[in-house]
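Take a look at this one chain, the form predicted alone, written out in structure tokens.
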Amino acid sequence: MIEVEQLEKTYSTGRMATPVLKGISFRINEGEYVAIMGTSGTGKSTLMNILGCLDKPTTGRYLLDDTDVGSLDDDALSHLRNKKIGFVFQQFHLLERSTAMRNVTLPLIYVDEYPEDVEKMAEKALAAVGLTDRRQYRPNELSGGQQQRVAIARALITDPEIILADEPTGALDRKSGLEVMSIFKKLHQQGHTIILVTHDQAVAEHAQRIIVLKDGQITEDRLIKKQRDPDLELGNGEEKR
């Protein structure tokens, strides 16, 4: 599904060039659950932005279902992104004055043809994260964990093949973080490809495979022999809400 070949990303400010990704290569197959792990500044968020078609590499190739993403214009990138990828971020990015239902339906604004059964689609997405009874609640009426679950439902509304999650438990307490990781496990079991970006080893071990970045390069790419049970404690690196 995903193939990255000698990917490099350099940011330029005036005469200064800052290399962030330095010739990385890997493949992710359909249905995999992969954690991209590294400390702050290692390039993992930059890599996620490229994988999510939010940015382009400076050099190298990124193939998504055999499509060279670097060759696409902004409109084509937006179409590919909305069709294939759902995003979950550390900060929930919910509209404060809108209900959970309304927040979940937002990505449908950008589809080619707005669906007639939008409410049913939103209810199905909210049911997948256990929030059917909170569909008319606004973000300030929900806990942090519930807000993140609304954000996951929003990512699911277009039925994406890939879910990209950037530090999805970073703003949550332990209990809420465990609930979120349990949802990702279920989504993976249902056939979604999950790519999880995290700084925390214990969170990364919920995946099937860990890719470790350091100074913009891959230092480790290994399979997890046994996936971590979401009912177990998250790592001490998790920030508390």
Partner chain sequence: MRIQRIIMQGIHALGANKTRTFFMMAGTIVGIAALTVIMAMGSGAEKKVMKRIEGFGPRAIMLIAGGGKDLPPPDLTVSTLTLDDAEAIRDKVEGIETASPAAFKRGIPIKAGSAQSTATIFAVEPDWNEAWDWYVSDGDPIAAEDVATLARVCVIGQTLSHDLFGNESPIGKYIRIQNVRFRIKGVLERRGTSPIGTDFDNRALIPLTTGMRRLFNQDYITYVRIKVKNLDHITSVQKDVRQLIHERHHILPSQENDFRIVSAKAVGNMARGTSGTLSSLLIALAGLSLLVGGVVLMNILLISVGERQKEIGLRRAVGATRKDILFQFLVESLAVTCSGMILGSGLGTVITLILMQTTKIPVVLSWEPFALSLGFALLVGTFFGVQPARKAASLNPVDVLR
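Given the structure is predicted, the values throughout are model-derived calculations rather than measurements. Numbering follows the first chain given and starts at 1.
Note that the form predicted in complex with its partner chain isn't included here; everything after this is about it.
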property: Candidate stretches 141-149, 167-175, 95-103, 128-136 - the one whose heavy atoms come within 4.5 Å of its partner chain in the model of the complex; result: 95-103
property: Candidate from E30, D55, D215, D65 lying within 4.5 Å of its partner chain in the model of the complex - any heavy atom; result: D55
property: Heavy atom of H79 within 4.5 Å of its partner chain in the model of the complex; result: yes
property: Residue contact check: P107 to its partner chain in the model of the complex, 4.5 Å heavy atom; result: yes
property: Distance check, L72 to its partner chain in the model of the complex, heavy atom within 4.5 Å; result: no
property: Its partner chain contact in the model of the complex: N49, any heavy atom under 4.5 Å; result: yes
